[in-house]
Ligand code: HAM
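What follows is one chain in structure tokens, specifically the form predicted on its own.
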């Protein structure tokens, strides 16, 4: 006897979730993102920077050439795939290479130099998810392209520090500073560094064994304990800097002293990208060190050449927004919220609904943040919802109020209410909320 098809159960649909290491940004956290973006925009505009956005998807060559094939990012962490035209493309893992590609492609060398740009964007790395390290993450960064001057490096570091101050976390971090020299003085140092490590390979982690062959400078900033012990004993770069690099570094420190910026000379700071030369710096947690760094940067004078352009100096920094938010929460930094609702509009009946729709628009146009439960039934249910929105006032309109041309204004904290003529209600609400608390907006304003 054949099975009764009604006995066969439908397969259960798998519950859909976001991929590992890639998170939703929920409304409460968006308040932090909004605040950070506002601070970054304000500080960058003050300093004459203009915003740039490069594509999330670039040809893979942009990063292989720019970042360097021997780096962990290119070697292990990039989201790279072939598009339908059989071209290799990559979700951008960092911001600087794309900005320099754009600088060259769009002839920005014809603009007054240096060109000062900033960005606030998502990036992608296939990394092992852990605290402060995600596969999709947001960064803000700045780039100063077209001039080489230690005073510019000092201004970039100062800008990063001031942003951290505005966000209430500057005291948590120290500026770790180094100069990793130019091509001339690095060649001899790399030779001596490799010679120091030869014979000690068994004490190195597997990553550092690979770096010894491909990218020996990265041996200095490995976080594994045995590798750190060897790095402390390794030759120090300061003994190899050419006179020009020594002079540049000394002047940078003088400028930072003049700005009142404290820093730590750290010979082990090298940064993880091949394009860095000269100045490099990172913001380290004063207690946890590099394990909780929130960002860093440095000079990349040879990057434009690597990407097919003329020699063009540049310096910049980038910081991780998720890491910053974690530290703001750790310090209980409260961010201003513009999401609080001023007015809830409750109504009963189609005639009341017709009156409430244009009324809500008039209130919003005056800067009064207004919500209405147009799909709800009973007045009791609507007032319960108004309580959940935590509004100071609710406007109530039913059949009687429509007939009499009034709106009931209910003070939610006192439980008191009174009628107001409908033609006066907008100005009455403005008085209750206060002009200074209105969310004013003009289409001509620069809101981004």
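Numbering follows the first chain given and starts at 1. The structure displayed is predicted, hence computed values, not measured ones.
Beyond the structure shown, there is the form predicted together with the named molecule, which is absent from this document and is the topic of what follows.
- Proximity to the named molecule in the predicted complex, single hit among 197, 248, 240, 275 (heavy atom within 4.5 Å): Of the listed residues, the single hit is 275.
- Task: Check each of 181, 150, 95, 216 and return the one that places a heavy atom within 4.5 angstroms of the named molecule in the predicted complex.
- Result: Residue within 4.5 Å of the partner: 95.
- Counting only heavy atoms and a 4.5 Å cutoff, which of 142-150, 358-366, 164-172, 200-208 contacts the named molecule in the predicted complex? That would be stretch 142-150.
- Item | Contact check for 103, 109 and 313 against the named molecule in the predicted complex, heavy atom at 4.5 Å | Not a single listed residue reaches the named molecule in the predicted complex, so no.
- Does residue 78 make contact with the named molecule in the predicted complex, using a 4.5 Å heavy atom cut-off? Judged by the heavy-atom cut-off of 4.5 Å, residue 78 is well away from the named molecule in the predicted complex.
- Task: Answer yes if any heavy atom of residue 133 is within 4.5 Å of a heavy atom of the named molecule in the predicted complex; otherwise answer no.
- Result: Heavy-atom contact with the named molecule at 4.5 Å: present for residue 133.
- Query: For residue 348, is any heavy atom within 4.5 Å of the named molecule in the predicted complex, or not?
  - Reply: No - in the predicted complex, heavy atoms of residue 348 and the named molecule never come within 4.5 Å of each other.
- Is the gap between residue 294 and the named molecule in the predicted complex 4.5 Å or less for some heavy atom pair? Answer yes; at least one heavy atom of residue 294 falls within 4.5 Å of the named molecule in the predicted complex.
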